[in-house]
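First, one chain by itself: the form predicted alone, in structure tokens.
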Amino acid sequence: MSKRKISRREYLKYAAAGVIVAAGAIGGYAAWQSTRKPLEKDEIIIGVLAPMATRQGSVQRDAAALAIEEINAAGGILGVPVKMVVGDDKLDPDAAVSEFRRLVTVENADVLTGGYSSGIMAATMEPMAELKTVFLADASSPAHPAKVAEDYEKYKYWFRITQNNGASFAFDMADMIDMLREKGVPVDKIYIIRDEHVWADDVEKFFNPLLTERNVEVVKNVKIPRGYTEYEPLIIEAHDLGAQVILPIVALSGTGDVLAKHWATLKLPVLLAGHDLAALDLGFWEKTEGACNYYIFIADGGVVQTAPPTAMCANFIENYKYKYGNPPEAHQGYGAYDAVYLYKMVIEEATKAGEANPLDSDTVVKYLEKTATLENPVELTRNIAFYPPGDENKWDHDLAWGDKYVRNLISEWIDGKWYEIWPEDKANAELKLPPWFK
């Protein structure tokens, strides 16, 4: 498997200017600079549409701004400066649709990145299709690539770049169960606490058969709403029903810190291990006052900050800390940063190939499909590839899942730090069980 990498000479050139650039995103610029047909624009406009009152939204804005700053310092895209425009979807479908239209028709955005909620994403895919605007997106629902599969010409402008299809959470949680068993932890009965929202339904469609294959009994499955905080009786019930693991499948509830606190206070012999989006966010240790110690979870988006998967990822984390005073607040930042550099890359590839209008959305789609492939992923903060049209799982234009690409790495909070504990060849810590678990 080959990966596009920036040359050492180019890297040193830009690093000396105080700019860390994406591997592969700059390569080849000088080679055709003198013969290229100039882009017929004074500036290239990248839109960010996300819920700005949340860290998942604001980190996308800030990460995209950092990428644009770096690219402009290195000469823009083929000499054309890049500008960012921002829209706030407010986690409301009507606001999201309105803001998408404004960014494209009023602010003249050439491409958009962003998102967070799967329901909001479904709504914004409609103006995306109508306005024929490429959307390098977040949100995890399998319903999004299914739209591309079912009506390619209409929805082909959508690509998922931040995190894997939500179905992949099932694969990685099943691997988590296997890992625990390999480490001598019995996992025969689990107690599921999950969001009541549709994205968790999508996960369970894939997860339930995997549990059956492993002879794992679900002693109870509890659906919780946004803002839920009454975890103590659920933890006690899980213990009383004989569960060895409380397995959360939560994101929009937003109260994983409360769950961790109640679990650590009760100290019942049951592990807390599953999918909790809050556990990935900056400040989770402080928010739980250390109660998240020994919390096992999967890292959406494929990055554990103490074990960055690529050199570019390590550079991005450091540059983000330098600019904003802290590391990326949520995993959506990696997708937004990569989106800007990948867009730059495909525009340059299209120009190099002699395309009449490299900024045309249909042209961009063609080069996204040709550039970030399963056979030849692009090394950015993660190894980015998209499933092609006609994928057997209807994951058309979805972010590729797997060891060679992006996967939800099994992680744990241990003594104040977030570590990767599996796969073992990439882990930077060993599984550590809570002292009250026997």
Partner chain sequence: MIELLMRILVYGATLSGIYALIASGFTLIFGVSRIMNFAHGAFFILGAYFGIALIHGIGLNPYLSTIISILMVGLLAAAMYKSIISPVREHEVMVIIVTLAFALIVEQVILLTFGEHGISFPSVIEGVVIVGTVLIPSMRLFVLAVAIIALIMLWTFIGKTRLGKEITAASQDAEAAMLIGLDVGRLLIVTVFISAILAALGGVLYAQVYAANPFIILKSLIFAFAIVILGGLGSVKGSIIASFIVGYILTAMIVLYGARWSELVALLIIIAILVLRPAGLLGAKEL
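Residue numbers count along the first chain shown, from 1. Computed from a predicted structure; not experimentally measured. Rigid core: the largest C-alpha set superposing within 1.5 Å between the two forms.
The protein also exists as the form predicted together with its partner chain; that form is not presented, and the subsequent description refers to it.
Partner-contacting position among Asp281, Glu349, Asp172, Glu355 - heavy atom within 4.5 Å of its partner chain in the predicted bound form: Answer to the contact question: Asp281.
Contacting member of Asp240, Asp188, Asp178, Asp362, with respect to its partner chain in the predicted bound form [4.5 Å, heavy atom]: Here the answer is residue option Asp240.
Contact test, all of Lys370, Arg382 and Gly402, partner its partner chain in the predicted bound form, heavy atom 4.5 Å: No, none of Lys370, Arg382 and Gly402 comes within 4.5 Å of its partner chain in the predicted bound form.
Contact test in the predicted bound form: Thr288 vs its partner chain, heavy atoms, 4.5 Å: Within the cut-off, so yes.
Thr212, heavy atom within 4.5 angstroms of its partner chain in the predicted bound form: No - in the predicted bound form, heavy atoms of Thr212 and its partner chain never come within 4.5 Å of each other.
Contact test in the predicted bound form: Glu204 vs its partner chain, heavy atoms, 4.5 Å: Close contact is absent here: in the predicted bound form, Glu204 is far from its partner chain, nothing within 4.5 Å, heavy atoms only.
Interface membership of Tyr228, its partner chain in the predicted bound form, 4.5 Å heavy atom rule: Taking the distances in the predicted bound form, the answer for Tyr228 is yes, it comes within 4.5 Å of its partner chain.
Candidate stretches 318-326, 230-238, 336-344, 71-79 - the one whose heavy atoms come within 4.5 Å of its partner chain in the predicted bound form: Single hit among the candidates: 230-238.
Residues in 265-283 with any heavy atom within 4.5 Å of its partner chain in the predicted bound form: Those in contact are Thr265, Leu266, Leu268, Ala278, Asp281.
Leu252 C-alpha relocation of at least 2 Å between the shown form and the other one, rigid core basis: Yes, the C-alpha position differs by at least 2 Å between the shown form and the other one.
Cys292 C-alpha relocation of at least 2 Å between the shown form and the other one, rigid core basis: Yes, the C-alpha position differs by at least 2 Å between the shown form and the other one.
Rigid-core frame, C-alpha of Glu153, shift of 2 angstroms or more between the shown form and the other one: For Glu153, whose C-alpha is compared between the shown form and the other one after core superposition, the shift is less than 2 Å.
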